[in-house]
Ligand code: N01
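First, one chain by itself: the form predicted alone, in structure tokens.
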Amino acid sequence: MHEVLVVGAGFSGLGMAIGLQRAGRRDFVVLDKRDGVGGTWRDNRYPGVACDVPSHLYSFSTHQKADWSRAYAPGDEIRRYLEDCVDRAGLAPHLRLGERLRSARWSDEAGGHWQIETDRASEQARSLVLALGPLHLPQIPELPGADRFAGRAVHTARWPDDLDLTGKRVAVIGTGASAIQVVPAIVDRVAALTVFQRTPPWLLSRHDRPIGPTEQRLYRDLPGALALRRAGLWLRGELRGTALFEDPRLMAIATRMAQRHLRAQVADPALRRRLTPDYTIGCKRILLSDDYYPALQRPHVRLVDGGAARLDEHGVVDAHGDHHAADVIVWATGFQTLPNLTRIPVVGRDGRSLAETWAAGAEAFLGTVVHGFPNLYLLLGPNTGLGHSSMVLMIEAQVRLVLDALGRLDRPGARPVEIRAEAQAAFNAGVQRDLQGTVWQTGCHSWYLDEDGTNRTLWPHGTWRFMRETGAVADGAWEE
């Protein structure tokens, strides 16, 4: 029996492994269904993929990187960083890659443990950590005629290495975070590009820049300079975040910045109107780009409003009934974020599954522990998402909470660790109450909301508050 079994080798799973290692715990394994580490940065290899969080903040506090190549790192550099973290922390012996979790069931036998089934083995673990991540199940719309399309259709998260777009007619469906990166990256190699837009996004300037060797040496030779850079980026994000979760009226400043950015890059008033959203900035994810608007104005690029309605053998039919020929369709349509923790049978105490428990909506205490599921920990669980800062900060806060809970198991005569139902209910009532005054509740439809319109995704405060709350869980919150 393993002390801890971690599922997922992306940022959160590797962060958990690093935390276990640094805490002196050696009996743990990390499973991942893919053959490499990196999670979303392993899966997303589409042209132009990059992070929209500043590089120096998008890293583990225990494994900082002085030589990022750009202010906003490209995806392959982030993947290499995570691979380097594995090497630096000596995690390779703990990894079991290419092994998929099939099910997990709690058993009260032998003091309590998880019975785990993978596609390779059957085993037991005293504690189970699900670090599955919200951005790895592609969302592909079920459009009529999709099975008739004679060309090639790919999702940005499943970009094939052999895909050559040179001289092709390409249709990009979607105008979210992946679309605004992939469109500028492929615009010079395609013969024609059609972008299908249902709702325009709010865009701010990215202000990306290369980081030269002098600056890299500064951060390498003076760790204090790197710490100061990281602290400055964190503080800037927290100040900006105040407008998101304190008072949507403060978003007026961001609105003016976005409108100014649009006017500076798009001269045509008619096109500007089509690219101006009709919802409060921040209600949906704010995107960063300096090359998306220019790409849309290239002579061989066409922006189609209303989105795609159906497909046929030769291309896409839009919402107005017009046909657009295409050799390749790129689904830039995001991910299925809500089912990521319920698609695998995870059965807790009394034979109740996580999917059944969350039938009325996903909730957890501090996004990490769920009543009825002893010794189970979720990383990046419900209401841990951010709209203003680095998710790595949230991961590290959760890891500290998990390590504290594992310490409870070390006590003589300790029972399985489980959060009290009352503590979980009070926490989530507070989260939903605090979300009501945020910009995310101002009326737009976004992937932050579940089918009932409840925000099960985002944390309605600064990262400092999450760190504080995960570091000060009262003893009375746990089952005795």
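Residue positions are given as counts along the sequence shown, with the first one as 1. Source: prediction; values computed, not measured.
Although it is not shown, the form predicted in complex with this ligand is what the next lines describe.
**Q** Taking this ligand in the predicted complex as the reference, which of Pro374, Gly282, Gly385, Gly174 has a non-hydrogen atom within 4.5 Å?
**A** Exactly one listed residue reaches within 4.5 Å, namely Gly174.
**Q** Just to be sure I understand the contacts: of Phe365, Phe335, Tyr219, Trp106, which is the one whose heavy atoms reach within 4.5 angstroms of this ligand in the predicted complex?
**A** After the contact test, the surviving option is Phe335.
**Q** Within a 4.5 Å heavy atom cut-off, is Gly315 in contact with this ligand in the predicted complex?
**A** Gly315: no contact with this ligand in the predicted complex.
**Q** Can any non-hydrogen atom of Gly167 be found within 4.5 angstroms of this ligand in the predicted complex?
**A** Residue-level check for Gly167: no, no contact with this ligand.
**Q** Please tell me whether any heavy atom belonging to Trp68 falls inside 4.5 Å of a heavy atom of this ligand, as the geometry stands in the predicted complex.
**A** No - in the predicted complex, heavy atoms of Trp68 and this ligand never come within 4.5 Å of each other.
**Q** Does any heavy atom of Pro141 come within 4.5 Å of a heavy atom of this ligand in the predicted complex?
**A** Although this ligand is absent here, Pro141 would touch it in the predicted complex, with heavy atoms inside 4.5 Å.
**Q** Given the stretches 265 to 273, 350 to 358, 305 to 313, 93 to 101, which is the single one in contact with this ligand in the predicted complex, using a heavy atom cutoff of 4.5 Å?
**A** Stretch with heavy atoms near the partner: 305 to 313.
**Q** Thinking of Tyr46, Ser178 and Arg198 as the candidate spot, does this ligand come within 4.5 Å of a heavy atom on all of them in the predicted complex?
**A** Checking in the predicted complex: Tyr46, Ser178 and Arg198 are all within 4.5 Å of this ligand.
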